[in-house]
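Shown next as structure tokens: one chain only, the form predicted alone.
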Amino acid sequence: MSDILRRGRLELVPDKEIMEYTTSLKADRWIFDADILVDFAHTVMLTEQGIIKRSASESILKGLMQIRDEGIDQLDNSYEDIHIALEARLIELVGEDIGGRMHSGRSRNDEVATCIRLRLREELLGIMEDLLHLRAVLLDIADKNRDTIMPGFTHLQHAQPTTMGHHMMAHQQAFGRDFERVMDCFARVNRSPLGAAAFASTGFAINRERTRELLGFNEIIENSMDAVSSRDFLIETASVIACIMVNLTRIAEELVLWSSKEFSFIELSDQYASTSSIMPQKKNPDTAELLRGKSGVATGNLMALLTICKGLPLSYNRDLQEATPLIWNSIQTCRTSLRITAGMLASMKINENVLAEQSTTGFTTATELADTLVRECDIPFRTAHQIVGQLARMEGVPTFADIERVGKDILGESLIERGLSEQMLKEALDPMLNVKRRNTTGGPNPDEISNSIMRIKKQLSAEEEKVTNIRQSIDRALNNLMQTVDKYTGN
């Protein structure tokens, strides 16, 4: 059969190299099911509007159902995209007089934009579910480690004592913001461009609201030119994914560091490690390293999308074909990375004894000692900072005599006479008491961590319900579409 797209205007056909250069069929595998749904909805709408006859509609819909059952591999891969390949197969099944009517009032431009949005919204819902699972894992670790003392870091230097629970809650909160970003992004993705045609709408009396309803979109993209030419929803999605991946790399970097002999804070499950081909003693955190590296994929795809879309005149340009594979690559990378991270965290062994031993290394209790001098001796914090700073130059933990001596050198008077006692010093140097004193909202105090966990669990439950409600709304719409198709085909 001749090429249904090129046979009218063009005489020459592309050679193999040109075809491979211009085809999008490989990336179009992602949208095969979505394309069938769009064809279903468009055909139903055309029938309801009296643009095609009911008898033709029945044949078209039956043909589409057969194509869906056959799968994408049965389509002719000599066409430049899935839309023409699918339409050509339909015409092959039901004839051109019937199958050739399906594309009335529609262009590949609005068709592909609709297909991408359909598939993308499904993946965004999946990302939200993956984020909810990862956050639940982090909450579980935090709950079990509210009292697991460890050193906190700034500049990768020992800073102050904290707990593993507090540390995990920090990561959870970052992914909570990622969830909000995905939810916001979803709202802009779930809009229908169908009916915009090439860019100037169509002279057929179509009903864009009906196809929106059948496909479960929340809104219509009103301007037909913007509907087919804009890919800012891809850029926004890629940006959100890049942010998620960057947040994942912070965990990945910590897992790599913490599993080293220099730290020995944790041990990864063998499932997420490898060994050396020559050094038999090695247990390498390869999965975490790959996770760290894969952020470059997401960042690179975002930059590529921005570059592709930059400076394109209205309306549709074929450059946009190059944008689609990038978002599928980012989606796949992100979703796998989220699940891998959850698995690594859930299965890792936390070396609590090592964490406790290291919790005071590097004089991490110095800040609390300075705070104690301020509270108990009524001196300015900056003066207390100077006193403790000089103590930090000394080897080992400062004694009560050391503090008294340095205090006299700087203040010119006794800290003991100002109210400092050995018991106060002992408490200031105790890492767990350091942690317990920090009981303001968001602090590492174990009770505050418990309160935070309870709040976040309620939040996760509410967010999970939101995702479920969105899925159910879409499912109802698509079920209604398929019931209408069944009614038209007599099934």
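Note that residue numbering begins at 1 and tracks the sequence as displayed. This one's a predicted model, so the numbers in the text were calculated from it and none came from an experiment.
Missing here is the form predicted together with a small molecule; even so, the following discussion is about that form.
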#### Entry: Joint contact, Asp81, Asn109 and Tyr316 to the small molecule in the model of the complex, by non-hydrogen atom at 4.5 Å
yes
### Message
Taking any heavy atom pair closer than or equal to 4.5 Å as contact, tell me whether Gln321 reaches the small molecule in the model of the complex.
### Response
yes
### Query
Okay, which stretch from 253 to 261, 122 to 130, 81 to 89, 279 to 287 lines the small molecule in the model of the complex, with non-hydrogen atoms inside 4.5 Å?
81 to 89
